[in-house]
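Take a look at this one chain, the form predicted on its own, written out in structure tokens.
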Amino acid sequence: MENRDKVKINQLFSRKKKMYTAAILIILAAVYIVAFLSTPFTIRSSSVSTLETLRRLFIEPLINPEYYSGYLEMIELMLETIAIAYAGVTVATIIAVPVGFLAARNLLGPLSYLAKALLNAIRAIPELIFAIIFVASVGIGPYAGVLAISINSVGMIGKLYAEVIESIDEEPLEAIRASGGNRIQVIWYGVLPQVLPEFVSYSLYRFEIDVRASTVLGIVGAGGIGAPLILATWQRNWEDVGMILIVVVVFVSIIDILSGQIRKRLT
């Protein structure tokens, strides 16, 4: 009898699950149908062909000597962008270390959830929103970009640091505690030697992300190469847009290669 009852209960739950799944699929299908029917798909044609735009973007800035003098200015702006990302990730790394320890469950237990909630809240806000806030607070310039990058990076780096700390080998910690070591000694001699290589690796990875993010922050006046990029786009000056994109791609590729080599040596 008990087996029959269990079978009936399982069949009942299975039917309910199928009904819920079917209802969700019907609702999603209805939403998509309404979205497709109510969205206009008419596209205005442009007087300039796509091939012509691509030629002005990626060929003209490379073969026309008139644009060569502009590369120096764009390189200077890109170096400013890299400096913003570097300063931001440096500040974020310094702040994220104590926050990561506070968010590690194996060190603080239930109290770690408060720090994790803070990190989740920071990650939920895009760096562009932080840039707008800091531009309004401290004015236009690289300083606002550094603040935006650093605060936004704390959310990601702090979470990664906490996960690294939670996955460490507990035996060295227990040995230090058994020999009479206090909490600071446990962290200094037991935790840091295990986590420092991964801390550096994650900081380098975040630096790569911040370089890309810094190119966008200039749109709202946070310094770097983003402002001339968006201005050239609005003016349909595709040669300048292509020149900026070429500089950005070259520098980002170099940073990715160097950062990847450093992270390989650390692991």
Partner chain sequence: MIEFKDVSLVYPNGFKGLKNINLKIEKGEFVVIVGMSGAGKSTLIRSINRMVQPTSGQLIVNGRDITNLKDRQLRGLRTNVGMIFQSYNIVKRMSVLRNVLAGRLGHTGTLRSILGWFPQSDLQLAMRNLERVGIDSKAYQRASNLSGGQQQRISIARVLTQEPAVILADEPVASLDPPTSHKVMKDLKKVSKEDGLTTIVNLHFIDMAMEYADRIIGLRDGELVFDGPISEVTPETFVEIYGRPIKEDDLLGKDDEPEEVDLEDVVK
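None of these values were measured; they are calculated from a predicted model. Positions refer to the first chain, counted from 1.
As for the form predicted together with the partner chain, it is not shown, yet the points below apply to it.
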Seminar exercise, completed: Which of 187 to 195, 135 to 143, 102 to 110, 84 to 92 lies within 4.5 Å of the partner chain in the predicted bound form, heavy atoms considered? The stretch 187 to 195
For this session: Could you work out which of L160, V97, I176, I122 is the residue within 4.5 angstroms of the partner chain in the predicted bound form, going by heavy atoms?
Result: I176
Exercise. Can any non-hydrogen atom of P126 be found within 4.5 angstroms of the partner chain in the predicted bound form?
Worked result: no
For this session: Would you please decide whether G181 lies within 4.5 angstroms of the partner chain in the predicted bound form, comparing each non-hydrogen atom pair?
Result: yes
